[in-house]
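In the form predicted alone, a lone chain appears below as C-alpha cells.
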Amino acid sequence: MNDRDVEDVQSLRAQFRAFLDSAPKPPGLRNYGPTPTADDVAPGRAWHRYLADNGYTCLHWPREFGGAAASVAYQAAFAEECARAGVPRQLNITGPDLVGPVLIKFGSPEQKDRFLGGIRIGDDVWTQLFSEPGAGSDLASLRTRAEHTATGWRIDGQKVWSSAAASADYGLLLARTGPDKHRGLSMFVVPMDTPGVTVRPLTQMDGESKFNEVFFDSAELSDDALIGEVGQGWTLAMVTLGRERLTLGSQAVAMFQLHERMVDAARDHGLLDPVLSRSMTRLWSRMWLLRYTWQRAIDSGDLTSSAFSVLKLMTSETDQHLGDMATEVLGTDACVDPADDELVHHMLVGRAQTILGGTSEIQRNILGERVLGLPKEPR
C-alpha cells in the first residue's frame, strides 16, 4: 500500500467504528462468529437487516445486485471493526459470502431474482451441504447422489458438519451426478423444508449446536434447482471455498482480544510468572505474523493466492494454541460451564480449529504439492 491507501483505510476504519458504536444492538446479539446457533438467528437477522438498510451487507457483491463492489481491503477493515465491536458482520457466512457469489456468476436470472434479495437483507438463512462422513477433506469423493427424473432431481445421501442447517431456509448442495470424481459433481439449491430432508443437530462439547447431520431420503427437487450446468459442481465448489478464506482476518482481531483477557486472567490467578509470560509473548508474536500474512494477502487482491492457504493453516493452529494456553491460565476453573467463561468456551472450541474448513494435514499437502511443487503424498 502507498501512503494514500493507508490514509484511506484509516478513514474507513474511523467511519466503520463510528457507525458500529452508535448502531442499536438487538437484545441477545453477540459476536457468534460465522455461524449462529438457533438462539442467535432472531437477533442476528435483525442486526443483518440494520446493516443492510445502511449499506453494510454483501460488500463484495456488484452494485447491480445491491452490493458495494468493495475492495478486499474495504471488506477486511469492516470485518475487523465488527470483531473489535463484538458484533457479527452479517447473519451467517454461507448466504452472503458463499452462495451469493456463486449465484451471481453461475445462477440463472430466475435464481438471482428469487434468492439474492433474501440473502442481502437477511431474510433467509443458508447452509452449505458439502461434507460427508466419508468425504470431508477429500470433498471430491462424496457419494450423495442426484438422479435426474422426469420432473427434476431425486437426492439420496447424507451430509455432516452442516453449519446452521437446523435454522436454514435453503441449502447449497454438492451432489454426484456422474461417475467421474470431479466432473461428475453438480450444484443444487435445496429448500430445507423439502419432504425427505431430515436435519439432526449435533451437540458440541461447549454445549452449542452449530453443526448438523442432514439426511436425504428420495428428496425431490425441481429442474430449476440445478445451478449452472450438470458436471460443473466442482468448479462452483472451488468458488465457495475460496471465499471462505476471506473471513480469516477478523479472527486475528478476536485472538488479540482473547489474548488480552487471558493475560488479565493469569494475573488475577497469580500465575503470570516468567515461564508463562514467555509462552504468551511467543503466541502474541505468532498472532502478529498471522496479521501481517493476512495484510499481504489483502494487498495482492488475488483470492486465488497461496497466502490464503497459509492463512487457513496459521489461523487454525494459532487459535488452537490459544485455547490450549487457557488450561494453563485457568487451572481448575477450566471445569466450569463454558457458558459462564469465555476462556473455557474457547479452550473447548479450539480443539476443532485444525479440523473444520479443511484439516491442517490437507492444508500442508495443498501448499506442498500445488504451491511448492513437491512430490505428491503416496496414496
Partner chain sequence: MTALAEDERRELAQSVRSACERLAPEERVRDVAYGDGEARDARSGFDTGLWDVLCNQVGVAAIALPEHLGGAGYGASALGVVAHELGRALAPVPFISSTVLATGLLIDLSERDADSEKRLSELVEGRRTAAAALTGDGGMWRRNAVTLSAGRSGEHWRLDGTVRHVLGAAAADDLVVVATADNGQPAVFLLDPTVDGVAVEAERALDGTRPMATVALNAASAVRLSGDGPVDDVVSRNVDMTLAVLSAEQVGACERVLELATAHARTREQFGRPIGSFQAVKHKCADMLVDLEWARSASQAALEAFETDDATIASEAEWRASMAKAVCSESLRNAVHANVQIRGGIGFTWEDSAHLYFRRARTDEVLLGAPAQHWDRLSTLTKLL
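These numbers were taken from a predicted model, which means no experiment stands behind them. Residue numbers count along the first chain shown, from 1.
Not on display, but discussed next: the form predicted together with its partner chain.
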*Which one, 224-232, 79-87, 260-268, 170-178, holds residues whose non-hydrogen atoms are within 4.5 Å of its partner chain in the predicted bound form?*
260-268
*Spell out, yes or no, whether the shortest heavy atom distance between Ser218 and its partner chain in the predicted bound form is within 4.5 Å.*
no
*Please run the contact check for Asp124 against its partner chain in the predicted bound form: heavy atoms, 4.5 angstroms, yes or no?*
no
_Proximity of Thr327 to its partner chain in the predicted bound form, heavy atoms at 4.5 Å_ = yes
*Is Asp138 close enough to touch its partner chain in the predicted bound form, meaning at least one heavy atom pair within 4.5 Å?*
yes
*Name the single residue among Leu29, Leu59, Val310, Ala52 that comes within 4.5 Å of its partner chain in the predicted bound form, judging by heavy atoms.*
Val310
*Are all three of Lys25, Leu103 and Pro109 close to its partner chain in the predicted bound form, meaning a heavy atom of each within 4.5 Å?*
no
_Do any residues of 194-208 have a non-hydrogen atom within 4.5 angstroms of its partner chain in the predicted bound form? If so, which ones, in sequence order?_
Leu202, Thr203, Gln204, Met205, Asp206, Gly207
